[in-house]
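First comes one chain, alone, set out as C-alpha cells in the form predicted alone.
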Amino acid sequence: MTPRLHDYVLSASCYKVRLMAALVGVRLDLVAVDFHPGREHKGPAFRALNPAGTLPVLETGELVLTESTAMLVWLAQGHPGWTGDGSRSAAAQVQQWLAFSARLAASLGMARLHDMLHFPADIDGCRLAGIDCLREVEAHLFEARLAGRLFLTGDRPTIADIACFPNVALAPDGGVGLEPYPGIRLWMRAIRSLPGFIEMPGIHRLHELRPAPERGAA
C-alpha cells in the first residue's frame, strides 16, 4: 500500500515529510486538505482520522501517524544513516534536534502563520523566540564546521536536519531574516544539494540562491 499523506502545500510540517520521502525514494499518495481558508482539518471527518485536528497525517496500512517527527522516523527505516550512525550518542543528538524542531515551529513557524495566514499570535514574542533559536543553530553549526562537519549531528544529513530545515528556511516569511547567519545559509545549501531534494513555495532551488557566504564575502 502506498503511504497516504494528508497534506497542505504551504505547511512546513507537511513539507518536511514530503522532502524526507523524496530523499529516500518513498512515493507518497498526497491528499490535499483545505487548511486555509476552509479549515477542513478541524471538521468532523478529518477529526475522525486525527482527533487533534492537525496536519500532516500519514496513513500506511493500519498505522496512522499524526506527528511529523514520527513520520520522519518511519520513513528513515531501512535507509542507513538517516537516524545516526547507530551509536547511543548519535541517537540522543538526533532526538535532541527533533525536540528542538518543535521550538522552531512554535516560534518561527507561528510567526509565519501570523504573517501569511493571519493566525492570532504574539508576533513580537514569536520573532524573538525564533531569533534565539536561530542563534543556537548558528553557534552549533559554527562549532560543527570547525570540526569538519556540515550537518547538525555529523558529516552526513539525518532526520534531525530535515526536521529543522523547513521552519528555518521559511523564517523570512514570518519577518525574521537569515542574513546574519552564514553558517545556517551554508547548511541550507548543503541540504538543497542533496540528491532528490524537492522544493516548496518559499524554498527555492539551489541555483536560484545568492552565492554561498564564502564567495559573497570574497
Partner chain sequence: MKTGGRVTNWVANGLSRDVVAGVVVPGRWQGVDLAIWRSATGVLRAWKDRCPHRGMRLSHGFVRGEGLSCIYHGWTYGTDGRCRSIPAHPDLVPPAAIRAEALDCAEADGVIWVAGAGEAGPLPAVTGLVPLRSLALHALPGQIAAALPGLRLFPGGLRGVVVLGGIQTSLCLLLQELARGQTMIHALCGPQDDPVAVSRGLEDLRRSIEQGVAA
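Positions refer to the first chain, counted from 1. Since the structure is predicted, the reported quantities are computational estimates derived from the model, not experimental observations.
One more form of this protein exists, namely the form predicted in complex with the partner chain; it is left out here, but the text below deals with it.
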property: Partner-contacting position among 44, 61, 37, 180 - heavy atom within 4.5 Å of the partner chain in the model of the complex; result: 180
property: The partner chain: the contacting residue among 139, 99, 117, 92 in the model of the complex [heavy atom, 4.5 Å]; result: 139
property: In the model of the complex, residue 143 touching the partner chain (heavy atom, 4.5 Å); result: yes
property: Heavy atom of residue 131 within 4.5 Å of the partner chain in the model of the complex; result: yes
property: Contact flag, residue 135 vs the partner chain in the model of the complex, heavy atom cut 4.5 Å; result: yes
property: In the model of the complex, residue 189 touching the partner chain (heavy atom, 4.5 Å); result: yes
property: Candidate stretches 181-189, 159-167, 65-73, 25-33, one within 4.5 Å of the partner chain in the model of the complex by heavy atom; result: 181-189
property: Heavy atom within 4.5 Å of the partner chain in the model of the complex - qualifying residues of 177-213; result: 179, 180, 182, 185, 186, 189, 204, 207, 208, 210, 211, 212, 213
